[in-house]
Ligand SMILES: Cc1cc2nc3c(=O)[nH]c(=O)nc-3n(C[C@H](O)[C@H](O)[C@H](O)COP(=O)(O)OP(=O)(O)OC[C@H]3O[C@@H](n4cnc5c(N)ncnc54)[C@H](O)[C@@H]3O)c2cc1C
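Have a look below at one chain only, the form predicted alone, in structure tokens format.
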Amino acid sequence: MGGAAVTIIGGGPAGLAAAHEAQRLGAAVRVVERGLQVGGLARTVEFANHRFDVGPHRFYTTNDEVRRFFIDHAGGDVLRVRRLTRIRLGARYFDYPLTPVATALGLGPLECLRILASYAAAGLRRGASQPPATFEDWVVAAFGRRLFEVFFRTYTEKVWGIPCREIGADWAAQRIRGLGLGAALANAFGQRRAIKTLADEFLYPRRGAGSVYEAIAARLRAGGAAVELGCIVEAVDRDGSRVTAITTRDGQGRRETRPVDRLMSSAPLSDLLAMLSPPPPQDVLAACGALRYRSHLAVNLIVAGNPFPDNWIYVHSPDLRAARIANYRNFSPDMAPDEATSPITVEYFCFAGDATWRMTDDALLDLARAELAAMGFSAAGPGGAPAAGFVVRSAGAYPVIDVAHADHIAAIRAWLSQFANLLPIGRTGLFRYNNQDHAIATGLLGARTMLGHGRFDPWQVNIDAAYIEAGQAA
């Protein structure tokens, strides 16, 4: 469609995929990114010659087009990484996915019998009960009450900050659909099933997840697109059901209003609607106000040696505030300058503005060092001094899929459907907990829809079982 122009808010996986596809289809492209780097939550940050992702980012997909897109922009320099992940529960470590022998040895025979009895009881109730309404209901039906209490409750509530009975069942179905205790045991004994949660291999760019998005941005610029960093969108003007202009502010505080032909946005959905002028109807604003986002703190440290062999460890222990720790040396050796040190991320989840979010960077670094030590890992850098590090704060990083969110999203979607030149994409733009591959797919499909090359619904990506994958990376 010659002469078309597409403006994209957000330079993460979805926004850059959309920009790439729009440019390929002949449109003039402008990407507006508030951060100083592209990649969004999948960016890679360099510090003291070490490279850190904003939390661990594995890439896995069965979508051939998305896989080719990712590998092509990685310049073919992609590693196939054998996944090693564990759960820390109390002072013990368990293989994840769970293996029967290791789990039995860790929990003891009596606890294992309780788990199996609880699973059997859940099976007796499964056929007669109503479909699960909450995350707690879903997991209890799939695994039994006892395993839910032992392995799921603490970690899930640590990440999301609300009780499991307030988290929607559709989040569990999206993230671990097809997985139950029987499926986990079958995989452990070699009867492979297609379940993404159990995937044992993934793709990873040699110099970090963000290198893919830096390459996309470079290609966009080479093709004439504008990729503007440090540029904050303050307002989106509309005339009825058509957006007409956006107002941006750069790092020097300069404001500029420019017309838009077509607008795609991976900004948080509630932020997008709050920027509209004139504003949406009151019921739509109320639905937006009811949406919640969980924020993320990546506390990054350079530690001596290689403290653990895992790609990442889930921290289920209730006595620790960390939710996960990742070791990027175990993703790619090129994430560190040599073998003497490892780049480690300790992850904390919070709500923007709460007590954890308000902690200073120094306090967070001290907390992460102390919790690494409590887990039995050294938090010392070269020479024995406390590990050097820095903090990356991501406000509103994860949409909270609570029991009420579906009704709010339905009201917002119904109102947005009237717009012919405005389309949300990506994780926070669609208020869906998506992975990199899903975010890329929403961008590709959204650009085609926006430019009249088919009618695709980005809201539907990741609902279908085709995105529940397992096996070897390809």
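Just count from 1 along the sequence shown to find any residue number. Just so you know, these numbers come straight off a predicted model, no measurement behind them.
The protein also exists as the form predicted in complex with this ligand; that form is not presented, and the subsequent description refers to it.
Contact annotation: this ligand lies within 4.5 Å of heavy atoms from the stretch 427-435 in the predicted bound form, the single such stretch among 444-452, 44-52, 402-410, 427-435. Listed residues 164, 387, 107, 231 were compared with this ligand in the predicted bound form; 231 is the one with a heavy atom within 4.5 Å. This chain is drawn without this ligand; in the predicted bound form, the residue among 368, 267, 216, 172 with a heavy atom within 4.5 Å of it is 267. For residue 119, no non-hydrogen atom is located within 4.5 Å of this ligand in the predicted bound form, even though that partner is not displayed. Put simply, residue 14 is close to this ligand in the predicted bound form: some heavy atom of it is within 4.5 Å. Proximity of residue 296 to this ligand in the predicted bound form falls within the 4.5 Å heavy atom cutoff.
Remark: residue 67 does not count among the residues lining this ligand in the predicted bound form, judged by a heavy atom distance of 4.5 Å or less. Taken together, the three residues 86, 144 and 344 lack any non-hydrogen atom within 4.5 angstroms of this ligand in the predicted bound form. For the stretch 39-61, the set of residues having any non-hydrogen atom within 4.5 angstroms of this ligand in the predicted bound form comprises 39, 40, 41, 42, 54, 55, 56, 57, 58, in sequence order.
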